[in-house]
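Just the one chain here, laid out as structure tokens, in the form predicted on its own.
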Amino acid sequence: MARKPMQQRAKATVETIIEAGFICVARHGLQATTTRRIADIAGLGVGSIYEYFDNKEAIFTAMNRHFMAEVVAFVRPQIPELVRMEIVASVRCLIDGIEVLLRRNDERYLKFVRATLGNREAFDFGPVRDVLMDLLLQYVLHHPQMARLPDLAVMSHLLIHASVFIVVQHLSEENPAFSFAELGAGLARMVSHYVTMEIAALP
């Protein structure tokens, strides 16, 4: 049974394995990624892999968690600046930043997300939805007129989940009909239109 890394050296080994997993998926695809190939890229023996992971699926799960943590680590420090922006600029800035993150290091994250979604593997976007909800709540606090929007809790839930689904769907396409930047612009207009129309209809 795989053991949990406790010492710094063990944690560094696990991080090396996870990074090698991203490289392997980017080079060979999800199905052709094996523990042997991951071990070769990491410069480790296969036995070292099994010290920390029961199988390659466990590595994929760790990669998913690592990627989600990276997205959250990108979004959370941006919140104080994003909440001061006009809503279209805020959404565009967020989407543009996520695209930069996805394309970092020869698009390793983008290729992993696309491969994982394409194969219908388990992919937990919960941490990202949580940080987006936090962003939205803080945005409302900085723009009090938005607190008057009807069914704000329900609409917030729908907008966040719909946006995540739309982004996920776009990422799953090898040759999308439009760019990620155009997707961001469309999402920004969608959110802005909803807010503008609802506020205008308030008594």
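Take the two forms, find the largest set of C-alpha atoms that superpose within 1.5 Å, and that set is the rigid core. Remember, it's a predicted structure, so these values are computed and weren't measured experimentally. Residue numbers run from 1 along the displayed sequence.
If you look for the form predicted together with a further copy of the same chain, you will not find it shown, but the lines that follow are about it.
- With respect to a further copy of the same chain in the model of the complex, the three residues Leu158, Phe165 and Gln169 uniformly fall within 4.5 angstroms at the level of their nearest heavy atom.
- Of the heavy atoms in Gln31, some are within 4.5 Å of a further copy of the same chain in the model of the complex.
- Mapping the unseen interface onto this chain, His142 falls outside it, with no heavy atom inside 4.5 Å of a further copy of the same chain in the model of the complex.
- Contact check for His193: a non-hydrogen atom falls within 4.5 Å of a further copy of the same chain in the model of the complex.
- In the model of the complex, no heavy atom of Lys11 sits within 4.5 Å of a further copy of the same chain.
- Applying a 4.5 Å heavy atom cutoff to a further copy of the same chain in the model of the complex picks out Phe178, Glu182, Leu183, Gly186, Leu187, Arg189, Met190, His193, Tyr194, Thr196, Met197, Glu198 from 177-203, in order along the sequence.
- The rigid-core alignment places the CA of Val195 less than 2 Å apart between this form and the one not shown.
- The rigid-core alignment places the CA of Leu183 2 Å or more apart between this form and the one not shown.
- Once both forms are fitted on their rigid core, the CA atom of Leu171 lies 2 Å or more apart between this form and the one not shown.
- Relative to what is shown, Val168 and Asn105 are closer in the model of the complex; their C-alpha atoms differ in spacing by at least 3 Å.
- The gap between the Cα atoms of His161 and Glu107 is smaller in the model of the complex, by no less than 3 Å, than in this form.
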